[in-house]
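Coming up is one lone chain in structure tokens, specifically the form predicted on its own.
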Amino acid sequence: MSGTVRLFVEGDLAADAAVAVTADQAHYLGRVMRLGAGDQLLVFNGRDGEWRAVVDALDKRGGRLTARRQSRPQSAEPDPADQPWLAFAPIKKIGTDFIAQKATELGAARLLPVITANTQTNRVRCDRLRATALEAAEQCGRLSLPDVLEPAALGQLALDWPKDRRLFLLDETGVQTGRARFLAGAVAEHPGPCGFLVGPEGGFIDGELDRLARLPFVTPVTLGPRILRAETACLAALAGWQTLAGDGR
């Protein structure tokens, strides 16, 4: 059991390197996972791959581990530059946390909360989203953490978006209007770095859709004939891309 515990650490990782853990991490390892001196776990820092480490000491103030041998090099994970970004309108209650958790599991390299006309809440605790993403990365075997950006207005997102990264705009009206392409065809036509923009539960207003669709780096896409909840659309888009063009192939 102890060998399956994974922990994100800040320090550099190398053979026989001492690795400090925080008080909260020491509590998690000692009290929650019941590890003690001599027990093994896996650690990663997003730079040096994954390492098998051994617990030296844990107490209320923190702890110390020693990295022993590398179990996976950082190169074993897809290049973050090639992984999709996810821009999404925050939703109430635990929905935003759910999106951050599952997007991390599905390989999103960047999470961008975006404020639209129908966004339900403008309050986003990015520190909480980062903690959620970190925990998800520990549990899913990922070697990196997604970047979590501060919320931005929809217009600002469009201005800041890299023009060489295709933005797939999820348009739930696309089936009826014929404006949006199905995801598989859009991905085949636009290989390479990309991101997804998922609107709020009330959907984008017409003016937002019109302005976005006119941008040269934006491609409206549809996920099918059903109206999906915002969190479902985020997961479906990322999972679809990974199957079509990512590490799900």
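In this text, residue numbers run from 1 along the sequence as written. Remember, it's a predicted structure, so these values are computed and weren't measured experimentally.
As for the form predicted in complex with a small molecule, it is not shown, yet the points below apply to it.
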Check your understanding: With the partner left out of view, is residue 197 within 4.5 angstroms of the small molecule in the predicted bound form by any non-hydrogen atom?
Key -> yes
Review point. How about residue 143: is it within 4.5 Å of the small molecule in the predicted bound form, going by heavy atoms?
Key: no
Review point. Can any non-hydrogen atom of residue 29 be found within 4.5 angstroms of the small molecule in the predicted bound form?
Key: no
**Study point:** Partner contact for residue 201 in the predicted bound form: the small molecule, 4.5 angstroms, heavy atom
**Key:** yes
Practice item. Answer with one of 167, 106, 109, 170: the residue that has a non-hydrogen atom within 4.5 Å of the small molecule in the predicted bound form. Key: 170
**Study point:** the small molecule in the predicted bound form: contacting segment from 46-54, 215-223, 187-195, 65-73, heavy atom within 4.5 Å
**Key:** 215-223
